[in-house]
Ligand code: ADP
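Form predicted alone, single chain, as structure tokens, below.
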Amino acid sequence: MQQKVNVFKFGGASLRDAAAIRHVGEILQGYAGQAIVIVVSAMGKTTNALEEVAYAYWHGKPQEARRKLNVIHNQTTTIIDELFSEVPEELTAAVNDLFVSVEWALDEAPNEEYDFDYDQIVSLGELLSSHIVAGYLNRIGLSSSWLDARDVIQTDNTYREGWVKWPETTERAERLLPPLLAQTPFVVTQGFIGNTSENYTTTLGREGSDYSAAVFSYCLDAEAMSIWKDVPGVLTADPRIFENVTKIDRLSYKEAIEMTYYGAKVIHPKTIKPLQNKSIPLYVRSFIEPELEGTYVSDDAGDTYPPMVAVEREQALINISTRDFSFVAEHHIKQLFEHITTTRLQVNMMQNTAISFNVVVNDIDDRVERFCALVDREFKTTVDRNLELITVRHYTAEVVESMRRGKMNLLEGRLPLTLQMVVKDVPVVRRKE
């Protein structure tokens, strides 16, 4: 591709209301005339609201699902009315068509697979926001085209966690994007969603819009990718949880991969590898203060870092032991991982002894229950829930000790640069007065 392209990703917080979308327009005014693919998430908490629609529908409550969908429709209409003194007919038609398509789906009987229905309904959020952003940019004089990401990103049939088919996706990106960028400098598309060979919508995993932007960056040999966040860059810890956090100015791909894998929320875990494979730099920049430099992620960003902390909540610790007198051997572990694959548990930590196997997983939906049911014949399982997985990169004794205060440590593992502990809160015992 001859023309140099940048890829910008704006998340839900950047699009939460009309004022935020206007601010996106102000940021993009500074890039007028440049070739930019703009990847957007759903507005604000729309994905959460659509998850409630999908849950109600699949559990036999279609009227409740419709009521919840109508709330989203009204909120969307309010934002559109605030952005446009006169709403373009094509935007009104596109938004109405999207809501009608979901309403029709709610009239049908649920699919046997919840994840399939989830993807068909929840994908509405990104489709809505992208139409609104594209329409608004054109209204303020920033010539923009709208692109359906499902025409580009092709996946397998793993719903809610679609695996990208890279050859097909690359071919489509190289074929479809250049003509659009030749017509308008900006192309607005969706994060989070893809398409199967049977033309069904898939999603790429929760918070997967970062990954979508990385897919577009890779396929287009982008000059750089920028993620616009409500924080000044990549921080040493989540400022909502910890005090005295600091911004990291430069970060290597390797370090970014490690931190996102272990639960740092600022970047989706799958984002970095496609960029690393083509040495495409990543900028994590402040949506609130766009003039700041943010964090620069690249090959040559150095290897000296302060302690960095990531916290994953909603964790389950599953203790597995055999029902007979045998040890937990290799063939047992092979069998267990086949069931882990079947139920799509995301393993964050594991540890085995002679008589047991412990695994820490994200506690999502009913996956833990389904896994325990599958292994019940041969294994005994106990589950401890509502846990936190704390990961400290470049740990020091002082930082580790501070992480342990007020916590019961259920499981711990150490590598030269990384310490992980699975903990739960311990009530403070006080003397009665």
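From 1 onward, residues are counted along the sequence shown. Note that this is a predicted model, so its numbers are computed, not measured.
Below, we refer to the form predicted in complex with this ligand, which is not included among the displayed structures.
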Checked L98, L176, A237, A224 for heavy atoms within 4.5 Å of this ligand in the predicted complex; positive is A237
Identify, from the list A264, V102, L220, V361, the residue with a heavy atom within 4.5 Å of this ligand in the predicted complex.
-> A264
Partner proximity in the predicted complex: M421 to this ligand, non-hydrogen atom cutoff 4.5 Å = no
Is there a heavy atom of E289 lying 4.5 Å or less from a heavy atom of this ligand in the predicted complex?
-> no
So in the predicted complex, does any heavy atom of G233 sit within 4.5 Å of this ligand?
-> yes
Does any heavy atom of E168 come within 4.5 Å of a heavy atom of this ligand in the predicted complex?
-> no
Given that the partner is absent here, state which listed stretch (140-148, 156-164, 264-272, 312-320) has heavy atoms within 4.5 Å of this ligand in the predicted complex.
-> 264-272
Heavy atom within 4.5 Å of this ligand in the predicted complex - qualifying residues of 8-40 | K9, G11, G12, A13
